[in-house]
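One chain follows as structure tokens, the form predicted alone.
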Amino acid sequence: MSSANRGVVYKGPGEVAVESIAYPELALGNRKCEHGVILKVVTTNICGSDQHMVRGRTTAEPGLVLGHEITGIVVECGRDVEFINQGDLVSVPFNIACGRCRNCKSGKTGICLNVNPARPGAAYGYVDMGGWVGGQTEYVMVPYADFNLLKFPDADQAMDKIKDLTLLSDIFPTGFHGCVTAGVGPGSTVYIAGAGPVGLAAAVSAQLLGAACVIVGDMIEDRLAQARSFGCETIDLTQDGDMADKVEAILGEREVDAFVDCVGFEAHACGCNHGKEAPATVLNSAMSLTRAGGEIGIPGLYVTEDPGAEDEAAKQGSLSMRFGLGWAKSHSFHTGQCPVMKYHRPLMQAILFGKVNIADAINVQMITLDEAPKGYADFDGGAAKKFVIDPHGSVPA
């Protein structure tokens, strides 16, 4: 078995590098991790959440090994792993969950109480999320394997659809969760804020849930074109004009049933001020555009500390929201990490049985591990693509 390993390492604002790193061990601190496995990574994806760190918009320290979207083959199992075996091809939820605490037992695996000493919830390769080594690597260790891992029933079938299945570790369930918590169902009209990969995943999810009309708003024309490629209506947010007027031009009504925020705290103002940061603008638009009694799903990331923010309040995660409007309209807001395990098995089935082509909608582009720094730069420039790293050249062309 190889003892070499390489990974994508955060070096400081605007810089990542592929470096040699330690080969993973079945260990947690000074004790053996008998409930864990070591994976040979098949695919690992660059996420918009990673970009927040790389831009210097979090308190991440240089040296962090990045990556929380992981699919891999089991190469070693701890003694206590009973139901996962060497050779299994598995999807790894980005949430690390113990399976034993109160929250895990109630399905709230995104806020496990035992895997992060700083606060509820943990993730691989992410700031303030427990110090777990990330998976934009050749090999990675996954704890609590029996509970966390989703085994694909047929490895050959899974490899044929690996560009779709790799999205089960985060963005497909996250987009789906945003729509579920926004109350999307048959006949719904839906506004998706943001046409990055999570926004496009949410748009596909809204269609899968039976939405009648899905509107996607963004400031990058290539991303809007990607949304239109699978049947979404779009709004170019660089153009001036009242948002309700734009929605009315599409729907004949000035409000939508459901609103999904897939932008988060690095939002920018619309119209002629679109180059200026306005971190609460999506949340305020949500309250303005959602019908009375409607629901607002917020899978977009909001942080407790943003050192790159333009005002002091936003640096502490304090945003200027018109919360009274949401209260007056009896809106429901749902925030926080997606509990991936709630959704990844049914979404896997939807992929395997051909009910959804998520990779085409998101525009997956495969790259090598050495191409990861360029992938980060292109993604930061607004490329209408989802960059998926293939560290070992495992994925057929």
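All values derive from a computational prediction rather than experimental measurement. One-based numbering along the sequence shown.
The form predicted in complex with a small molecule is left out here; the points below concern that form.
Contact with the small molecule in the model of the complex holds for none of 91, 164 and 341, as no heavy atom of theirs lies within 4.5 Å. The small molecule in the model of the complex is not approached by residue 387, whose heavy atoms all lie more than 4.5 angstroms from it. Under a 4.5 angstroms non-hydrogen atom cutoff, the small molecule in the model of the complex has residue 197 among its neighbouring residues. Not displayed here, the small molecule is kept clear of residue 204 by more than 4.5 Å at the level of heavy atoms in the model of the complex. In the model of the complex, at least one heavy atom of residue 217 sits within 4.5 Å of a heavy atom of the small molecule. Checked against the small molecule in the model of the complex, the residues 71, 226, 148, 174 give one hit for a heavy atom within 4.5 Å, which is 174. Checked against the small molecule in the model of the complex, the candidates 179, 263, 97, 256 yield a single residue with a heavy atom inside 4.5 Å, and that residue is 263. Stretch-level contact analysis of 349-357, 37-45, 332-340, 364-372 against the small molecule in the model of the complex, using heavy atoms and a 4.5 Å limit, identifies 332-340.
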